[in-house]
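To begin, one chain is listed below as structure tokens, in the form predicted on its own.
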């Protein structure tokens, strides 16, 4: 085995990480949350040629996928969302016509690999704790990021800003970016009342309908749509999450021209 000196290791990590950070200080799209909708959106956006970064507060990707249904390692996917998973070679087990069961670990790994292979960058251990706002017509023009470890420690450390033409809240039930933006900037004209109780078929339909722009520069996909539009939760069926990620990518690509 080749010997590698400690200084070589340190220099390589710092230099290459800084190269990424310098490049990512300004992007086309900042996706917040590396769950099913975020990873799907990032793959389609990056595949279309947009410079895309995903910020994830945990040190792993997957969001709510990992917990499956009450910690059972399976999820349900329905047509036409199966197309999204087939594109990343995720295996599906037919349950009935147009309904499939998928392994949680495989779905997480394949969606993340798909986003990375398309050219998206996924940065772990980072929380978005504010947005950047500009203009007489208030427009979200970026995000403010901090290390998750810093926020957990309670230390006061100033964050850094990342400029983006579009920001997508894919943080799930808590709609973290939407909550911050609406609380700090009431002139944006929206509130986040939280999701309604479970009604799976209705939730899946409304999630897709409500996916899109919330205010100039700020978009929503996945379960965060339920929080801002107070639509029902759906439980461990994830077709709507995948289709929502694809839909928000389509909307952003149209808006950015």
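Positions refer to the first chain, counted from 1. If you're wondering where the values come from, they're calculated on a predicted model, not measured in any experiment.
Heads up, the form predicted in complex with a small molecule isn't pictured, but that's what we're talking about next.
The stretch among 58-66, 22-30, 44-52, 185-193 whose residues place heavy atoms within 4.5 Å of the small molecule in the model of the complex is 58-66.
Though the partner is left out of this view, residue 168 does not reach within 4.5 Å of the small molecule in the model of the complex, counting heavy atoms only. Contact between residue 243 and the small molecule in the model of the complex is not found at the 4.5 Å heavy atom cutoff. Proximity of residue 142 to the small molecule in the model of the complex falls outside the 4.5 Å heavy atom cutoff. Within this chain, residue 126 lines the site of the small molecule in the model of the complex, having a heavy atom no more than 4.5 Å away. This chain is drawn without the small molecule; in the model of the complex, the residue among 173, 121, 110, 163 with a heavy atom within 4.5 Å of it is 173.
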